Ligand code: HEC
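Quick heads-up: it's one chain on its own, the form predicted on its own, in structure tokens.
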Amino acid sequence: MAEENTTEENTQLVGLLAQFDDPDSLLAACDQCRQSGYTSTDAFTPFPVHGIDPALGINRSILPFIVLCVGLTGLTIGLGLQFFANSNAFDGISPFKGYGYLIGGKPIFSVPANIPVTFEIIVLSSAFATFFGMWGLNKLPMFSNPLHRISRFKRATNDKFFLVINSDDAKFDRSATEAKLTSWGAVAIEEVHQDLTDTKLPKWLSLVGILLAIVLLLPPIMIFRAKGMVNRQTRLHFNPDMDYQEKFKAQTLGPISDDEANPYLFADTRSMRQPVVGSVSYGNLDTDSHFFKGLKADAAPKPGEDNVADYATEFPSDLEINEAFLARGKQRFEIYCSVCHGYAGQGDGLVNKRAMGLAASGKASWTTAKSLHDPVVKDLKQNPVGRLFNTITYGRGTMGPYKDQITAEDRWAIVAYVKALQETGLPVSSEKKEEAEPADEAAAE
């Protein structure tokens, strides 16, 4: 006979619980239960029993299909949102326009570039689908399980095996079902009753839920309030990181120390430190005076002196003067030198012309750019190649230095191109020739 756990009027029969002493008898009972046509059943074992799912007629879970559908939806949303935001393809059919930015010549929309965001959306949505889908399919949360009121059911996690046939099954009959369970080898059968008073949530739990909902509303309310007002107070900063570290700009007073006698950390009170005396930046150790300064190896000019004998008369031996070298010099010359000296080196560059015009009207002071075809400039005795290189490097007169803008090798390339340009033998600038042509025509008439 079945044992009743309660007989009160406020209870409802929800099924019969049958106990078995070993997994084999439980597995056989589950198989006979399925063959008898019962469908609303469940089994409880202290460890996994192989074959119990097909014995009960339990089909594969639809959870993987749910996760697949949600993942594909995340894929569509992720790619679609990025395509919509990064292109203007929907301008004609949607009130929300895309951006369509062209960045570095890249395509407006590229699938590989959008895969990381799409992948993260798929993973996030699939994880939520798995978590909440499992809850839904298992009818969770269940605040009250009537099986927990049966004392013998506690051994389901220890050494006993149980089969439950629910009363909502179409074939359930109290007496007939009990008789079948007995014939299938059940050692004990017990009625399972649901206390109808357990279906209501405790009042304290409802109160906690309401308070939690109110607390969750506070952050968005505070954010909305902060966006619509001016707050001169320091913002909340739980993780300051490096926001409040001392910051010192160049040419300002340095940090203050704790020493009252020497309040500043550095003796010169400046925040910016000077380079160590004698230090040389990487790659700028100019030990070859011929290559880097245009001087002879044994030359030691004094500051302010300009002795022609100190300058090298030959190009450095490790430079190969060829067509490519001259082409490089021509390119550098046209970038840095032609603006004043002109493309042909006749001193008729656009900057020089403009400055001469301003000087003629008294609006500026300007020294005319020298023509590179001047006999003095072309004379190798008065201006050897080393002196020309030195002029480009350190400047001369009103001409500024180009050491920091042009590498030493490119400066020698410019010198080589200038020497090649001087071999053309151009006597005067093209501008002066154009001014002389009308006078020649008038004399001819």
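Residue positions are given as counts along the sequence shown, with the first one as 1. Only a predicted model underlies this, so the values are computations on that prediction, with no experimental measurement involved.
Separately, the form predicted together with the named molecule exists; it is not shown, and the next lines address it.
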Practice task
Run the contact test on L319, V385 and A413 with a 4.5 Å heavy atom cut-off to the named molecule in the predicted complex and return yes or no.
Solution key: no
Handout entry: Contacting member of P48, G37, P54, G397, with respect to the named molecule in the predicted complex [4.5 Å, heavy atom]
Key = G397
Fill in the blank from the handout: Partner-free chain; cross-checking the named molecule in the predicted complex, the single residue of F84, F325, W366, Y343 with a heavy atom within 4.5 Å is W366
Fill in the blank from the handout: With a 4.5 Å heavy atom cut-off to the named molecule in the predicted complex, the contacting stretch among 58-66, 40-48, 27-35, 386-394 is 386-394
Handout entry: Any non-hydrogen atom of V339 within 4.5 angstroms of the named molecule in the predicted complex
Key = yes
Handout entry: Non-hydrogen atom contact V377 with the named molecule in the predicted complex at 4.5 angstroms
Key = yes
Problem - 4.5 Å heavy atom contact, A129 to the named molecule in the predicted complex - result: no
Practice task
State yes or no: in the predicted complex, is some non-hydrogen atom of L372 no more than 4.5 angstroms from a non-hydrogen atom of the named molecule?
Solution key: yes
